[in-house]
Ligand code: NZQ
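Here's a solo chain for you in structure tokens, the form predicted on its own.
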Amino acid sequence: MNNFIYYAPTKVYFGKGEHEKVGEIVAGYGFKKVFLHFGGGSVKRSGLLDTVETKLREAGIDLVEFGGAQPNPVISHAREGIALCRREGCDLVLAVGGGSAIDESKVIAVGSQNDADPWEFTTKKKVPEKALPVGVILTLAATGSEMSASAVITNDELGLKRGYNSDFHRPLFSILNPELTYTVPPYQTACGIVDIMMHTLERYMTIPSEAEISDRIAEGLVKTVITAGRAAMANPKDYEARANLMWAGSLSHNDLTGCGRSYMTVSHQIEHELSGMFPEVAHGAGLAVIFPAWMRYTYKHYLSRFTQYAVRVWNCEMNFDHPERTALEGIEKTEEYFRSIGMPLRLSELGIGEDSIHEMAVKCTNYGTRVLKGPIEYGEKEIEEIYRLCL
């Protein structure tokens, strides 16, 4: 087991009706003026935004609305939010929505308190020195951003989607009411299921190292998501299924499942070029295409891990004479599951062809300046080959 630091400072309010406590929660911290950030019309149509605003005002909290966070949030919109947040003198950024609203809120919280363009932090040219605190009311189980140190944003001028980690990104508190996910469309529910699985499996199928307790936590989480995912797709108002997905999403990306081992982000980085260049591609759908191809490309380099995954997660029978067959069966089971919940498995299903592969691979290596590391190293050649497995 590798050395590690585990830090998960976010206070979680979990369960039915917890979002209605937002006023007393915010007032309890002493905040006076909230920068309220959200996405499209769903939080308005559902009445959630009205409820949140009413509860805040009843608690004597002033607020500034800033909507418009889009799937695959963009830096140009975040810059608008930063300017507004500074101008209004807000002391808390409160995200109401899923990972897109949360990630953009993190960018706004950091950008409003530092004299630098936020893209400079994303590209690691500069390091933030301070930030406003961030609170969350979660409406989609997917990215785990409600407890993570990560924020992902797209530069819409360059077509580059990038993320960076900072302790400033850790939300101060997150309110998780599974009931708020009942109205999430099936496709987005499925995208969230894939994202939760990937955040866990990228910590599980990483550079070889031993961490048995982390393995068992990760395997248990993924098996729970597989079962709860099926149940939520069959019955969107299955509270227990939605609750398990929501809590799994938080645990999948708060670093718990990776304690004692490295966090490999190869699949995520390769997918970022899809949804960075093609913003209409949902992140989870892109991962459903990329991850099985990455597995097929990589399994021989870490065969014991892939057979363990097949046996423990998918209940495959171990073939000791031909272990590669067991590994491939686990990959096939993964693809079958993704397909069963309505996810794509090929780039062609996303409208992306061979002509985009080279550019995506070049961008994924930051124009030849980085190599992605996992069980092997992935440069431009390897990344192109993985993309071609997705055709």
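This is a predicted model, so every value here is computed, not measured. For every residue, the number given is its place in the sequence shown, counted from 1.
Keep in mind that the form predicted in complex with the named molecule is not shown, yet the notes after this line are about it.
Proximity to the named molecule in the predicted bound form holds for all of Gly41, Asp103 and His199, with the criterion being a heavy atom within 4.5 Å. Only one of 317-325, 191-199, 113-121, 300-308 places residue heavy atoms within 4.5 angstroms of the named molecule in the predicted bound form, namely 191-199.
Shown without its partner, this chain lists Ser150, Asn244, Ser214, Ser250 as candidates; in the predicted bound form, only Ser150 has a non-hydrogen atom within 4.5 angstroms of the named molecule.
A heavy atom within 4.5 Å of the named molecule in the predicted bound form is found for one listed residue only; from Val266, Val136, Leu140, Val225, this is Leu140. Using a 4.5 angstroms limit between non-hydrogen atoms, Pro185 touches the named molecule in the predicted bound form.
A residue is said to contact a partner when one of its heavy atoms sits within 4.5 Å of a partner heavy atom; Arg339 fails this definition for the named molecule in the predicted bound form, lying far away.
Contact annotation for Gly99: at least one heavy atom lies within 4.5 Å of the named molecule in the predicted bound form. Taking the partner from the other structure, the named molecule in the predicted bound form has no heavy atom within 4.5 Å of any heavy atom of Ile75.
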